[in-house]
Every structure is written in structure tokens, then in C-alpha cells.
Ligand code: T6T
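Read the single chain below, which is given as C-alpha cells and is the form predicted alone.
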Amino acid sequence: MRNLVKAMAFAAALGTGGAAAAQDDITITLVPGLTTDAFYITMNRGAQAAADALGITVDFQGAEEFDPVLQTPVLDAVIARGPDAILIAPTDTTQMIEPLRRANDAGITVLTVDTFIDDGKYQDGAGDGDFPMSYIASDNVGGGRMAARFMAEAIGGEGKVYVSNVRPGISTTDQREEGFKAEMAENFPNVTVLDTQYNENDASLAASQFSAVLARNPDVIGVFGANLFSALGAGNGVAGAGKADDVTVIAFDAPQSIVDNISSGLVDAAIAQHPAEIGYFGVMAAYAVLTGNSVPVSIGTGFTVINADNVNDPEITKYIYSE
């Protein structure tokens, strides 16, 4: 996990010695990809825990859908209020560069969480979107590789599978697909990855896409859902086709709905991120910058695989996203 040890070190320092010097007039706004998703709600809980520890204020403002057209006016309103820092999950790698530049030009410290702008490599003097101070997120390429390994083991290392994804241009889901395909190509040559199906966050479309893939490839035996709606839709499509015993479904993310589907057998496993950690370290990183400290330009958080064998384990259930 890239720079996690370093992140924990500065978080610990700020949470002890730094807390005594906390500046309670600091304000930070967390702008999620969308406000109604359990992932971002859980992230906000972590952010609020960090805010409480530091004695500062963290607001939570966002749109109800994951869409740059809707996120931009929310961001503009946040900029107008002038917080000291903005933590944001950008909803597009390119369309959110200029809106975030407005924040940076206004003197607001910008950090991204979960998703990134440009290539996600900040403070390197390259690219139009290198101005954020840090990117705090899961290693989504690594998570995609983890999903591929679990899939390959479940299907016996051979067969046809595909990725159900949202749309191109979202950093996290692009990377999950990238990692999944790379792991299969490098280590499981007998697994054929079919064309990706893009569903625009529509679970019903993802379900019908499975039916279409099945019609073209009756021997398909695996689907990797790169986000919540992709996995839910694929699982529903598999069930509707009567293929629950024949097709392995791996989900990325672990809200209660996915966990319920693991318990029922509709989904075989979920790669759970740790969104509370992302929120916590995001606030800690922003606070460090605002108080004159350096931070890593990239801070990684972990994953937990949830499946039928551990879904009721208290050490695992703490990673289920809650609303």
C-alpha cells in the first residue's frame, strides 16, 4: 500500500502532538462523487472522525449523481464559500480539471480522494492537472488484479469472462479494469477476457448486457463488476438466466446490498475498499498542508476480500459500507 506507513506516521503525529496546536478556525469541504452512495457516506464518517480529533470543521457537499455536469456547480458553490481546503472525488479525469483549477487559483488547497484528475500524478510539473497536493485512495489497479486472481481461482484458471463497467474516463473504474485485464494476461493465459460492457451506472442495462453476452458466448463463466451497479446488474442478469451455479460474479465495493447478494449466493465475492480510511487520511493530509507540513503526493489504503466463508466474521463485517 503506497505510502500508507508514512501516512499513518503523520496522522499519528497530528493526532497527538499536533492536536494540542489544532486551529479550530480551519474549514475543509469534502465533495464526494455523489452523496447517496454508502461508499462516500462511510468516507465522510472517517473524515468527521479526523475532524473531531483535530478540532476542525469538515463539511460534506455533493451532487446526488456521479456526473461532472452536476458536480461542477456544487464545486463552484463550495469555492464561493472559501474553505481552506477541498477534498474531492472528481467525477471525470479531464472535465474536472478546469473547475478544480478555479479552486486552486482562489487559494484553496486541493486534494483528491478516491478518484483523480489528469493522470493522478501531482506536484510533478507535468500535465494540466498536477496542482492538487495529494491523492488519497485505494490502489485500484491492485484491486482489479486481486479480483482477477480470485476470479481465476474460482473458475479453475480457464474460460471466458468479461468486465461490466460504467463508462470510460472515470479514473477508478478504468484502473480496476486495467488491473483485471493485466493480471489475466500476465498470469492466467487460459482465461479469455471478452469485450468490456459499459452500462452508465444502470444496473438494469448491466443485467441485459449479460444476457447479450451469454447469447454470443454460451460458455461465459465469469463477470467482474467494476463498481456497485455493474456488479448488481451482472448478478441479476446471471440469476435471471438461471446461471447462478455456472457463472462467477466478482464485485468491487461492499455496500450492504452486495453483501446480501454474497449471502444469497448471487455474488461470489466483493473487493471491499476502506473508505473510512480514505476520508480520515484525506482530512489529516489537508490539515498537514494547511499547517505547513509536507505530505506524500499519493497515499494508499487497503482492501479486504469478502466472500461466503467470512461474510459473518466481525473482523470482516467492519469493512461493509454503511449509510
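Remember, it's a predicted structure, so these values are computed and weren't measured experimentally. All residue numbers refer to positions in the sequence shown, first residue = 1.
There is another form of this protein, the form predicted together with the named molecule, and it is not shown here; the text below is about that form.
Shown alone, this chain has one stretch from 192-200, 226-234, 120-128, 211-219 that lies within 4.5 Å of the named molecule in the model of the complex by heavy atoms: 226-234.
Using a 4.5 angstroms heavy atom cutoff to the named molecule in the model of the complex, all of D37, F66 and Q273 count as contacting. With the partner omitted here, the residue from T248, T109, Q71, T115 that has a non-hydrogen atom within 4.5 angstroms of the named molecule in the model of the complex is T115.
The closest heavy atom approach of E177 to the named molecule in the model of the complex falls outside 4.5 Å.
Contact annotation: D253 falls within 4.5 Å of the named molecule in the model of the complex, judged by heavy atom distances. In the model of the complex, the named molecule sits beyond 4.5 Å of every heavy atom of T93.
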